[in-house]
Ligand code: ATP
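Given as structure tokens, the chain that follows is alone and in the form predicted on its own.
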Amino acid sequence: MKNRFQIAVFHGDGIGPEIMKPTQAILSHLEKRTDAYSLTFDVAPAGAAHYAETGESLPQSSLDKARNADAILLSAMGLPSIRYEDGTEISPQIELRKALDLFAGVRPVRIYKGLHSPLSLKDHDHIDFVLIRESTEGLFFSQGAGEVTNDEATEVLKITRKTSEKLFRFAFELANLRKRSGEGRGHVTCVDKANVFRAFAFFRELFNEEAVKHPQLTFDHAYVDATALWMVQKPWIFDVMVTENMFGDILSDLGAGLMGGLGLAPSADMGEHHAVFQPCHGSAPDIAGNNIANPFAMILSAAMMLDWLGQKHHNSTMVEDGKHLRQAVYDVVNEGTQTTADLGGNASTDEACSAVVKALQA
């Protein structure tokens, strides 16, 4: 029986609509090849431009669409020139994380020969690890509500048992899934600063409580500063990494740099019932409308969505299509003639997307 899925689509700001439209077309191309699943797209208005027009960055109707959808596909959001009255950026994606309790920010880092990575892979066929960033608490907890006086500013870092337990359970379950599929070795690293902050000592303690429940997996700990060093010097030592919100925000961009740039960095924010899939990069308003934006991170995020839906609903065709779509992007990047300017090529957004479709057909 065919699985039918409703996808809430946030087109975003700047280059967001330009990379979302062809991504939807690629997903439609995939679903038409099979009787195993179908996708219906439901557009949900939100973002900085929408705020400028209506005074709402995330309308209740759009939040309801996201809450009722099987998955959420979200393009680049925000515009530097449009902000809330307090000066903070308009980020509906963060509002979605909190409203839907999307506590696990999943940032895969995959480096293959042929990608424009600053790392040398002469001793490794590829590097493949996943950074999991707690997405609702940490140093982002007081977002927009920090206390500022003429003499000092204070923000609150919050770590709770309830969220951390869910986060660590998610991390070990992902490590187990990667081990069974042959993508990882079943190892989880807790990244913290437990030697300085009591909050991170608490974070590590909760991690250890979950770790002992998974004797089939291995685990260790690393301080965040050392982790940044090792991600550059020896990234092959990592499998699944789990960390606090701010640390994850920083390390995920480092991971994107190792892959060759944010244009190749997909992401997902997942909870127990909902998930948002989006590229890590921003809305790049300076190049919007020119048909030169890199669509690959958006397409790779869509591949993550297929994989997640397939795993959740035991639909092997979706899982395979997610793998095929991801490989098609890597094949195009490796071949090199149909990449956008940020990757050293001169292809347009549309040409890069057409190349992915041709790679899928091949």
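When you see a residue number, it is the position in the sequence shown, counting from 1. Just so you know, these numbers come straight off a predicted model, no measurement behind them.
There is also a form predicted in complex with this ligand; it is not shown, and the following applies to it.
When this ligand is considered in the predicted complex, Asp342 lines it closely, a heavy atom lying within 4.5 Å. Put simply, Arg97 is far from this ligand in the predicted complex: not one heavy atom of it is within 4.5 Å. Contact annotation: Ala293 falls within 4.5 Å of this ligand in the predicted complex, judged by heavy atom distances. Residue contact check for Asp286: one or more of its heavy atoms lie within 4.5 Å of this ligand in the predicted complex. The partner is not drawn, yet in the predicted complex one stretch among 171-179, 274-282, 99-107, 201-209 has residues with heavy atoms inside 4.5 Å of this ligand: 274-282. For the options Leu262, Leu139, Ala194, Leu119, the residue carrying a heavy atom within 4.5 angstroms of this ligand in the predicted complex is Leu262. In the predicted complex, Ile15 is the single residue of 5-25 with at least one heavy atom within 4.5 Å of this ligand.
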